[in-house]
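Take a look at this single chain in structure tokens; it is the form predicted on its own.
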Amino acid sequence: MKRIFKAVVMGVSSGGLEALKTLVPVLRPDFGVPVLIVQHLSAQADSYLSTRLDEVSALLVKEAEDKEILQAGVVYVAPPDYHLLVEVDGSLTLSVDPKVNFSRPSVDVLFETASDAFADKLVGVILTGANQDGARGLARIKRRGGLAIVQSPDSAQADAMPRAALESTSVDHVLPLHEIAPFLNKLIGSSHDNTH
């Protein structure tokens, strides 16, 4: 029996734009679930990240908006200086709560709220980054029965974030960057596969 998933969450920091430009364009155009990304950005950053990814991706890539309802096949990027949270009804909330792990947006905040919303139907992915953010959130995803994927530290531009994630929980898959999107394509399937 193929596992059904409802969402994919990704956390990334140093080296993130290059990693996401490698990964996101490979996701199939009929990708079956929403993808939510927290990339650490400075508070002054503009929406450059979502614009750049949208230009090279078959999927719609956009900056997440407050109260937006998640849709399959859309990639949501946390805006600079806002935490991105998932509500239990599948809608998004943006928050200016204090920084977590010195970061706003924080990967842990996204991962923990998404795991509360989707439990065992969530896939968490930790990519390149130079701090510990995401390790606690990925452990929470695993505790709730979700699937944990970590970029292999030797393929990461900055390996601290993947290493912290690997130390925090028993990860299901450790993959080099170029294998993550093909793996997700197989795991998730198309929007037509997920309708039952």
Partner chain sequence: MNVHPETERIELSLLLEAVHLKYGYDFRNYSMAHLKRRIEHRLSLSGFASISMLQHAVLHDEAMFRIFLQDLSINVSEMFRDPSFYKALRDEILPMLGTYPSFKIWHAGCSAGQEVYSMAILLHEAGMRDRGQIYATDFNRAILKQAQEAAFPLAQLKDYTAKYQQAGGENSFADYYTANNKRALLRPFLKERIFFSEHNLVTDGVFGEMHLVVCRNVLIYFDRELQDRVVGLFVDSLCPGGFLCLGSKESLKFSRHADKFEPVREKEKIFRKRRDA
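Since the structure is predicted, the reported quantities are computational estimates derived from the model, not experimental observations. Positions refer to the first chain, counted from 1.
There is also a form predicted in complex with the partner chain; it is not shown, and the following applies to it.
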(request) Please run the contact check for Ala72 against the partner chain in the model of the complex: heavy atoms, 4.5 angstroms, yes or no? (result) no
(message) in the model of the complex, does Asp54 come within 4.5 Å of the partner chain, counting heavy atoms only?
(response) no
(request) With heavy atoms only and a cut-off of 4.5 Å, decide whether Leu122 touches the partner chain in the model of the complex. (result) no
(request) May I ask you to state whether Asp30 is within 4.5 Å of the partner chain in the model of the complex, using heavy atom distances? (result) no
(request) Given the partner chain in the model of the complex, answer whether the residues Gln132, Asp159 and Glu167 all have a heavy atom inside 4.5 Å of it. (result) no
(message) Using a 4.5 Å cut-off on any heavy atom, which residues of 83-97 would contact the partner chain in the model of the complex?
(response) Leu85, Val86, Glu87, Val88, Thr93, Leu94, Ser95, Val96, Asp97
